[in-house]
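First, one chain by itself: the form predicted alone, in structure tokens.
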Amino acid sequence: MATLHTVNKSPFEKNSLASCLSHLQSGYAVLLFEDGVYGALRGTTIASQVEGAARSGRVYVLGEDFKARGLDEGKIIEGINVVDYAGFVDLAAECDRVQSWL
């Protein structure tokens, strides 16, 4: 059963992303949006955990939210895919359930 995990909190303010990553099971997808997009940046304290998740499964970042924060897409961790709002909807539709990490 595929689960889409969504994280909208910055990993530097809340532990939502770290908790999410520690509960991933096969077939997962993770979408970072709103302030959760900071988790997609290379060179941060949580980057190695996110890189591991991107190697083992599917990790996405919402491009519009990334750009809205003035972040450079060139700093996105390798293996993370950038999606738009339509891609967000597609991910939610293709997964059996959605788990929001608050």
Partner chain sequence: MSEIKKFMYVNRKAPYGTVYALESLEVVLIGAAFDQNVSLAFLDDGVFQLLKGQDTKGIGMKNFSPTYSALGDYDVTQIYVERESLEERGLTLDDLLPLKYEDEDDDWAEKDSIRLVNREELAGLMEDQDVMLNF
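Residue numbers count along the first chain shown, from 1. Since the structure is predicted, the reported quantities are computational estimates derived from the model, not experimental observations.
From this point on, the text means the form predicted together with the partner chain, which you will not see here.
Residue contact with the partner chain in the predicted complex: D35 places a heavy atom within 4.5 Å of it. Using a 4.5 angstroms limit between non-hydrogen atoms, R69 touches the partner chain in the predicted complex. Contact annotation: D65 falls within 4.5 Å of the partner chain in the predicted complex, judged by heavy atom distances. Using a 4.5 angstroms threshold between heavy atoms, S10 counts as touching the partner chain in the predicted complex.
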